[in-house]
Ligand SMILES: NC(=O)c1ccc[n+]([C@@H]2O[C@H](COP(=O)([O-])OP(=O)(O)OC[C@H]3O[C@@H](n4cnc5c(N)ncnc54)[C@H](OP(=O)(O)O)[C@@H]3O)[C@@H](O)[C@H]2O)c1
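Next up: just one chain, as C-alpha cells, the form predicted alone.
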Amino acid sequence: MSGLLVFGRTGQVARALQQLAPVLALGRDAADLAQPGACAALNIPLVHISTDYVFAGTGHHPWAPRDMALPANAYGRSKWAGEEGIRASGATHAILCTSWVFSGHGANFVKTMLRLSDTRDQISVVDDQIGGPTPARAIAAACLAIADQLQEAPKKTGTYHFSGAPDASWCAFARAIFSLAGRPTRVQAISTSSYPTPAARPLNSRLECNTTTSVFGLARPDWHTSLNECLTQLGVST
C-alpha cells in the first residue's frame, strides 16, 4: 500500500488508523482543505467517513446507499454537504456511512455508561432508537482495505455502508456493556420522547451493508466481540 494521509489525529477512527498502519495524521491546525480538487488532480483515492444521520431516521428498514438523504439536524446536514462535495470533486472515492462508533479512546457511549455506573445503581436509556454499534478499529481496518482496493479498481467509487451487527437499541447496548463488565447497574428502558435532546436523534439508524460486503468483501463486525476487547483495553474486568 502506498503512503497514507489521514485528516484527523485524535478522533476514535484516526487513533485506530495510527495503530493499524504507518500513516501521516494531520490535525485541524495542519490540514489544508482549501483545494477540493487535489485528490482528483493527483489521482489519489479518497475514503470519507459519513454517518447514519444523513437519513431521516424513520421507518424500520435498514437505510441503503441509494436511499434519499433527509437529515433531521445540523450535524446530518453538514455530513451530507461533505458527501456532496466529495462526489462533485471528481476524485476516486468511497464514502463510508457508519453509526454508533465506540472504542477505548475519546468520548463514546461505552465510556459514558461505565462512568455513570460508578455512581448510579440505575440508568435510564432509550429503547426505541435502533442501530449498529460499530468498533472504531473495524472502521479503520475497513478504510485501509477499501483504499487499497480503490487503487487497483477505481470503478468501485461510490457510497457504502458499514456498521456493527447485530442491530440493537441503545438500551440493549447498555445492558450488554454492564453484563460484560460485570457491573450490577440496572438499565431502565425509556422512549425517546421521555429523553428530549436539543438536536433531533434518528429512531432508525439501521444501515444496509450488503453492497459493502459484495464489492469489498467486508462483513459487518460483531460488536459483542469488539465490546469485550474495548472493555479489556479500558482495564474493565470481563
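Note that this is a predicted model, so its numbers are computed, not measured. Residue numbers run from 1 along the displayed sequence.
There is another form of this protein, the form predicted in complex with the ligand, and it is not shown here; the text below is about that form.
Asks: Have a look at 33, 42, 68, 199 for me and say which one sits with a heavy atom within 4.5 Å of the ligand in the predicted complex.
Replies: Exactly one listed residue reaches within 4.5 Å, namely 33.
Asks: Going by heavy atom distances of 4.5 angstroms or less, which of 214, 10, 19, 225 would be at the interface with the ligand in the predicted complex?
Replies: Residue within 4.5 Å of the partner: 10.
Asks: Within 4.5 Å, heavy atoms only, one stretch in 81 to 89, 145 to 153, 122 to 130, 98 to 106 touches the ligand in the predicted complex. Which?
Replies: Correct option: 98 to 106.
Asks: Applying a 4.5 Å heavy atom distance criterion, does residue 27 contact the ligand in the predicted complex?
Replies: So residue 27 counts as contacting the ligand.
Asks: Within a 4.5 Å heavy atom cut-off, is residue 14 in contact with the ligand in the predicted complex?
Replies: Although the ligand is absent here, residue 14 would touch it in the predicted complex, with heavy atoms inside 4.5 Å.
Asks: In the predicted complex, is there a heavy atom of the ligand that lies within 4.5 Å of any heavy atom of residue 185, even though the partner is absent here?
Replies: The answer is no: residue 185 has no heavy atom within 4.5 Å of the ligand.
Asks: Does residue 50 reach the ligand in the predicted complex if we count a contact as any heavy atom within 4.5 Å?
Replies: Yes - in the predicted complex, heavy atoms of residue 50 and the ligand come within 4.5 Å of each other.
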